[in-house]
Ligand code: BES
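Presented below, as structure tokens, is a lone chain in the form predicted on its own.
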């Protein structure tokens, strides 16, 4: 969808439909709508259909002009009650509105700035969130369907209409395009089946991004990983016949070569059977999106490249399948990791931490990061604890955790911190190795993070984000249609933009 800005009097605004928002149970229509209507649609305030419109959250009312007009349609979108207002309400309402426009094959949609009158946020934030919701609410993955598919490219353009200048609007268009494309990439990769999104495909996508935006790119095969001492990654990968790929990308604008980088690490298990500790058959097909952490890192780097953010950023993505082959690692094995620490394998289904520990250790040794954030669909325990709308957040630096939580909330990405006290390590002590890869059933999400903590020095601010619940929406959430969410991309982009070297955010 193309973004355009139309500046000037109402007489310059035109399109197939114009959108306005309305509040529930209020006696009159919003002032902005009334002012526009008095000039352009005098029939509107006396329309009998308005009597049945309550303006509940995301309720839609489409009205048709009785005469020829610059806008033959007016689409009213409910926001619910003012006391329940949030940016999430706006995102959901906007997404449902543009989907209705798609269903009607309307090509040119107008969104006037005065439609936001009375909303308690800055104008640039409101426009940005509405456009982001429009771009992402129209997402669907139907590339593999061959029948019963209605492919529509409508709306083709969304016009932001204002009576005066909007100094921020063109920069905002660029931002929305960049970030929404990164999220769509992450969604595509997590949605596509594992026979298509293999470690090799992940490496190809990384190479494409690196080539497009002038980033450095490396990929290690299993032999190279073994040579580098990545015992955890090798142990998991050797059980699959699909070639493993350890991917490293670096965005480093000229002049920043000596800047300590922000390192993003993403779990890239392109399919997870559980290995020898095999999972139940029910819902195993969902394990195709066990690489959503790596997909989010790729989506973030896509956005960073498009935005040309002046920060040094490194992405590290260990990608492999976890399969129960004759060469697969086994419960009871002791694995020596890249950091030199030894791990007793209790469950081969705790493979995510086995590949991530080598990625974290490698990144620390090679890049001396200013900070590290890893994203992983790491534990089912996180879904039990926080559900599917909030990600678990753990780490060794309270300021970093607070920054991530505060940045994510207004963007629609929610995080909740969990404790990481030293005594949790007692649960993974081993009699034959430095520690085990799992403990008992209790505190599963915390234990996963405690394992990873062993590979990050205290001097490096580090956050672990468990996206096991948030990676996939089981129901339509408006701007997140049912399916892969692309969770994490928006927050990471904002973190990269906000973080000041040596000062934090």
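Positions refer to the first chain, counted from 1. Treat the numbers as computed from the prediction; the structure is a model and nothing was measured.
Heads up, the form predicted in complex with the ligand isn't pictured, but that's what we're talking about next.
The putative spot formed by 183, 301 and 493 is not touched by the ligand in the model of the complex; no residue has a non-hydrogen atom within 4.5 angstroms of it. For the options 353, 251, 338, 91, the one in contact with the ligand in the model of the complex, meaning a heavy atom within 4.5 Å, is 353. 272 is the sole member of 413, 358, 129, 272 with a non-hydrogen atom lying within 4.5 angstroms of the ligand in the model of the complex. The ligand in the model of the complex is approached by residue 279, whose closest heavy atom lies within 4.5 angstroms of it. The ligand is not shown here, and in the model of the complex it never comes within 4.5 Å of any heavy atom of residue 109.
Although the partner is absent here, residue 101 sits far enough away that none of its heavy atoms falls within 4.5 Å of the ligand in the model of the complex.
Taking the partner from elsewhere, residue 438 is found to have a heavy atom lying within 4.5 Å of the ligand in the model of the complex. Look at 142-150, 392-400, 279-287, 210-218: in the model of the complex, residues with non-hydrogen atoms within 4.5 angstroms of the ligand sit in 279-287. Along 459-494, a single residue, 468, places a heavy atom within 4.5 Å of the ligand in the model of the complex.
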